[in-house]
Structures are given as structure tokens and as C-alpha cells.
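Heads up, the chain shows up twice below as C-alpha cells, two forms, tagged structure 1 and structure 2.
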Structure 1
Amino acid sequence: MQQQQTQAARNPTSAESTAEAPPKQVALAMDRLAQAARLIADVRLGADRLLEALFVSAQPHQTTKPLHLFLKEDSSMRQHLQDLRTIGILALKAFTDQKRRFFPHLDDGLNGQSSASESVPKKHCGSQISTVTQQEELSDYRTLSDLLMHVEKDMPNMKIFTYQRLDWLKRASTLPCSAEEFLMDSSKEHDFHISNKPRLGLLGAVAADKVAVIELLFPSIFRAIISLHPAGSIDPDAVAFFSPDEGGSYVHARGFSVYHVFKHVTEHAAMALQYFLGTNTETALYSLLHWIFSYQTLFTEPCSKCKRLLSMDRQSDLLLPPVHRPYRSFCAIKSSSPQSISSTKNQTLDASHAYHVGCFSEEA
């Protein structure tokens, strides 16, 4: 660990002096950030466990078990935060340097600087005027409740539920159950000590400022989990896809499905999320929700390039449907603005297209 840190400290300076960043430095930086992200996830989970321990201790007739749990989590949390401090500083510096060099369009106000490795420029939704129109329209949805209520109308067949973070973990452990069972069960709700009823409906049920998890369910197709940070905001920080029949404590916004198809979609979704956040943080959640909605055709829409539904992915040797949906030119525009629609007709990539892993990279 010590050795790696000193090497990381040396690397940023040596990278700056060369014309191009050697892949190794970039890979190291990415690796550090990945470690940091894992530690952050550990901290989050630790916080949930602490809350759970507190919750359990609120029950009558408890032993000292919750106290032990609490102390154990407390010490492991402190360790995680310490590790994070150590890794985070170096990783962030190295990564920021590389990002500034090679992904300038991700920085606000730094357009126009192209490089060999990044060939896809930022595509605007039609003309500049319609982009402004879009932003003006979306500025109406600054609160989570407004946003979700609007989105629910746009997206039939998709069920949206909101949860506090701990409540989602409880729910995840009770999965799987079919959508019908779930809707029936909601009438015989558990008597939580916390008075919130996190299940049916939108934010009427959960206090809006505590919503940290959004569940998007397409019955029999997929379940997507979005994490919001901070709670109650409209800032997504993670997203993951799962089979509608999957259940367990690993079903959360940073978890991975046991099925290959959903693992691939989740990996692609992480990149889409970064893109939406990098483009416009205020509309990121709105774009993400609409982009996720396009996955209702995951098992029916053939690839726009090879025209087949199933294809053998060369890298993984797996048969997969088209798991990629383009996000770079994705326009989550209202259908009531015909001007925007006509100007996007020239785009070759749009939300209704789907691509296999291999077909997508060739297209881009």
C-alpha cells in the first residue's frame, strides 16, 4: 500500500511531462478511483448497518447484540474513512489531470478541444434554440415530486416507487415476489416503527426529503434501482439493473445482477449516468429515467446494426440481446414540442435504437 502510494505520487508528475498519458498511468488512476468508490460504497453500507442496529435496539427485549453490532460497524467505518482519505486525494488528482487532457468536453465551458482518443463530440439535441427550450421546460421539475409525477405520465407500464435507504434494503431482502403479489401485499403493510409507509405510490407515501432510492419496475422485464445523493435531491449517483425475479441484499444501486444481460446493462448505465451528470446535472435524473424507460424493449428490439435480437458477444462468448442504448445524443424531450422533434430527425442515433455490445462500439 505504501509503495503504491508513493508510485501514485510520482506518476502524476511524470504524466504531465509527456505529450500523451501512457495507458498505465490512466489505468492506475482509474484503479485508485475504483478503490475509492468501493470504499464509499462500504461506508454507505456501514451507515445502513448502523441505522439497522439502532432500529433493532429500539425493539423491546433486546440483548447487547445491537450494541456489539454498532461498535463493530463504528470501527470498520472509521477504517474505511481513513483508507478513503489516503486513496482519494492521490487518485482524484491523477484522474482530474488526465480528464482535463483527454475529456475536455466533460468540463463545463471547455468545448472544442478534440483529441485522438475521443472521437465522439458532444451532440446537442437539435438546434441551440430547442436545447434552451428543453432546459426551460425541465426547470419546472426541480423537486423530486414534480419530476416523478411528470415522468410517471410519460412512462406508462413502468411502476415507480420511492424509498428511504434502509427501507429499500429491507424490501430487497423480501424479493422476489411477482408484481401482483406485491400490489396485493401492500394492503397488509408491516407496522414499521418509523411511521413512513414506503411502498405504493409516489412521494405521498415517503417524506420527499428522505427519498434516497427510486425503484423502476417493468413487470416481467426488469427492475432498475437508482440511488439519490443526498437524500431528497434530484441527483442520481448510481444505477443498477436486475431481473424482476431477483431478490436479496445485493439488489441495490451499486449491486450487480447474477445474470449477464443485466450486468452488461448496468455497466452501460453507469457510463450513461456519468454522461448525463457531466452534460447537465439538473436534468440528469430526468434524462436517466427516460433512458431507462427505453429498456422496456430489451428482450424484443433487434439490434439496429445487425438486425438480430440475440448475438454471440465476441469478448465474453455469451449470447446477449442488444444491451446498449445510445445516450450521447439521447433527448428526453417532451412530445409536445414538434420543433425539437423535427430537428432531431437527422440524428442517426436516437433512443429507440438498440445495439449489441460489439455492434455499438463499431457504430460509435
Structure 2
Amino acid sequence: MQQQQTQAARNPTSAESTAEAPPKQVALAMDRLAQAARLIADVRLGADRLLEALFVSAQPHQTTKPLHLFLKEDSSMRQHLQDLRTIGILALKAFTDQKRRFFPHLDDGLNGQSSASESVPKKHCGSQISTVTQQEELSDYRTLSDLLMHVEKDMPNMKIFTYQRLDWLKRASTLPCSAEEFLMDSSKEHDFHISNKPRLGLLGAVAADKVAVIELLFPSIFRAIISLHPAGSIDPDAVAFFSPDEGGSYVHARGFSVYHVFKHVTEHAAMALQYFLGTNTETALYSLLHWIFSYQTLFTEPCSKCKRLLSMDRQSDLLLPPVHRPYRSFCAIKSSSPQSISSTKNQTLDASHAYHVGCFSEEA
């Protein structure tokens, strides 16, 4: 007994690491949350500075100073976001570990409630394809060109365009701002296609290692903008949804639509992106693209819970369609033949349930 006490006294760190007092771990988690709040404030400030630099650089007869400021703030914001993700994961782990250790009955209660809330159907890949198998199948898509070519085959109804970052800013400012202009513009885009290759930006051919922005267009339904960092990689870092008839400098991967329906979808897409990145960064873009594809029924598919197409949104006091699509139970499956393409398309549609804001569960 005395020997054990002596060893504990000589090595207090090990004893402390094996069984820390709950208040200490909770306090550590709270401190990390406070750090996260400070990082969020830094990100917001950096976003304002980036927008200011973009507006200044758009003015004629400007020096390279705004560009240097933009690059500096862009690098700083990305570091803040990376730190925020790390701190958030550590804080969540600390809270979860303590909850499971000292309040195990809470998990049991949640499991009991899950059977009562089975109105949120979940179709997990585990029953057909394990996570490991899925990752092995998607490992062939190591380059952006290969990934986009396969996605274009899987989703022929969705138009895919690629741009350099500054080229997209120019493109966004020229997008149609009315339904009539949109119909004329979309008819021109329809003819722009390079056989067996992803559709490229209208400002000219974009080398694969220079692609920083992906535009996904479902005519008359939505336009989605994805940002890649670094350019040419398969690492998405932002996504936003807009109406096809929107145009202007605010149409970018970190912007927000003027329409409430697309604002809700963008906020939900940001959470889906973080989930895909946290699950597997190598397949995040592939999963995100297929998940976005499920929004082709945004204005036609009724809510899977209340069975209604439109529901009153309390925040905006507007009737909105089901703007949420599950992403935790979402499964994107590789296809390599016409038969498997059709099968993949059907599986994606079957697995994509639609929910109003008030009917959606975060567990989906």
C-alpha cells in the first residue's frame, strides 16, 4: 500500500491522466469552447476584410496592394478555420466522454427515444456496403478530373462548370438577374460542352490544377457553388446554394442567396460539408456532389414526415418546401457501367428523404 502511494506521489501526471476529476475536464472543454468563440469572431472579421479587398480590387486602375491583402487575409482565415475545427472536435470529445462515463443513462434514454421517432427513416450503407468497402471503391478518384468525369456520368441532368477563383468572380457579376435573362443564358450554356470531359468555365479552358470553383447547375431549380482549397485539389472548403436567376458579386461559395429557401439550404449544406470532411476528407467532395444532386427534387418532393410539400417557416413566416436532406445516413456509391449508373441514381434518390426545417432531426 505504501509502495503504491509512493509511486503515485512520484508520478502524479500518470494518475491524473488516467482518472481526471470531471470538473477539470469539463472546465477544459469550456475553455476550448471559449477559444472557439474567439476564432469565430476572427473569421467573421477576416470575411469582412476579404470582401473589402475584393471590392477595392474590382475598381479600375488599382495596384496589387488589394491582391496582397486578399491573399494575406485568405491564409489567415483558413488557419483560423482549421484551428476552430480542431478545438471543436476536442471540446465535443471531452463532453461526450464525460457524459458516457458519469451519465450513461442519457445514452440509453436517447436509444429508447429513437424507436419512438422512427418517422425519420434512415438508410445506412452498412446493410449493403461497409464504410471500408466504400472508401476502397472511391479510392480511384484521386484527381479532380477523374472525379468530375465520373460524377458527370452519374448525374447527366446536372451541368458542371469549373473556374479559377477570379474568373468566377467575373462570371458571377455577369449572371442573369431575371428569369427572362436566365432562359436566354441557359440556352447558350447548354451548347457549351467538351466531349468526355467536365464542362469548363465559360471564360476559357481551365487546367485541372487551377480549378478553384465548381458550379453545379440544375436549370430552373438551383445553382450550387463549391470552393476548393488548394486549387486543383478534391478538398472542398465552402458551398452555397442560389436561385438560377440570381447574379452579382454575392454569388460565391461563402455568400447567401436573397431567397429564404436557398438561405436555409446553404446553412444546412455547410453542416453536411463539415460532416463529410470529418468522416473522410478523401471522399468528401464525391459525397458532397452526390448529396447536392438529391436537391433536384427541392420543389417537388413532399416532406417525409408530415407528407406536405409546403410548410410555414417560423423564422421567416413564409411557406417553404422541404429544404433539409439527411447527410449522416447518406451514401454515395461508385458506378462504372450504364447499369450501375442507373442503379446508383435510383439508390441516391431512394436514400434522399426531404424534411421541412421543423420536421428535421439532427440525427438524420
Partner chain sequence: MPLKWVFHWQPNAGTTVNSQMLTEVSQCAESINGVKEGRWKATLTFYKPMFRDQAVPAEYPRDFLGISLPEQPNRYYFIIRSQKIVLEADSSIQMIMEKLQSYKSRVSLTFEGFQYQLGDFQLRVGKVAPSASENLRGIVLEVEYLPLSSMEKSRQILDGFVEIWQEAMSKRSLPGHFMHIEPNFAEFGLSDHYTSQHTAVQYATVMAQLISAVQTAQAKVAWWE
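Between two forms, the rigid core is the largest collection of C-alphas that superpose within 1.5 Å. Sequence positions of structure 1, starting at 1, serve as the residue numbers. From a predicted model like this one, the values you see are computed outputs, not experimental measurements.
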Of structures 1 and 2, which one represents the form predicted in complex with the partner chain?
-> 1
Residue 233 C-alpha moves between the two structures by 2 Å or more, core aligned | no
Core-aligned CA displacement of residue 158 at least 2 Å between the two structures = no
On a core-based superposition, does residue 279 travel 2 Å or more at its Cα between the two structures?
-> no
Rigid core fit between the two structures: Cα deviation of residue 85 in angstrom = 15.8
